[in-house]
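The chain below stands alone and is given in structure tokens; this is the form predicted alone.
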């Protein structure tokens, strides 16, 4: 199981401010070796629609190479997507990235192409206090 991302608490608090209940911290898959995404959360939609459930993998993009960070994030996202489909297919997987990643590598051709082709759901967080999340589902 991996250690918590540097910005784990920022994303967790932002989700809670937006009405999400954190259901898992971490969200553990029953695998060998054990895998875990950072958070599981749910939020009541309109009463007739029930709960919306998500799993969030948080990434910081703090390495000197954002291409390396993108490759690592996409690989982890793909692995978790496979196991989430088996364990809990009604949950949507999101990759949480900071604004500086969206403004840099994810706005360039490589990032845009990969995100669109692999249909990766993004949630963009700010390092500034109490900024709303930017949701980019595919």
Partner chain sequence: METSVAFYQTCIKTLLKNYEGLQSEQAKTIIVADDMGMHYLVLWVGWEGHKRIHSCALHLDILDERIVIQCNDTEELIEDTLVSMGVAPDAIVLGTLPPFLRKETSFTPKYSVAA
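Here the structure is a predicted model, which means the values were calculated and not measured. Positions refer to the first chain, counted from 1.
Another form, the form predicted together with the partner chain, is not on view; read the next lines as being about it.
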Heavy atom contact within 4.5 Å of the partner chain in the predicted complex, the stretch among 89-97, 76-84, 59-67, 34-42 | 59-67
Quick one: is residue 136 in contact with the partner chain in the predicted complex, heavy atoms, 4.5 Å cut-off?
-> no
Contact test in the predicted complex: residue 52 vs the partner chain, heavy atoms, 4.5 Å = no
Quick one: is residue 118 in contact with the partner chain in the predicted complex, heavy atoms, 4.5 Å cut-off?
-> no
Touches the partner chain in the predicted complex: residue 22 (any heavy atom, 4.5 Å) | no
Taking the partner chain in the predicted complex, which residues along 7-34 bring a heavy atom to within 4.5 Å of it?
-> 7
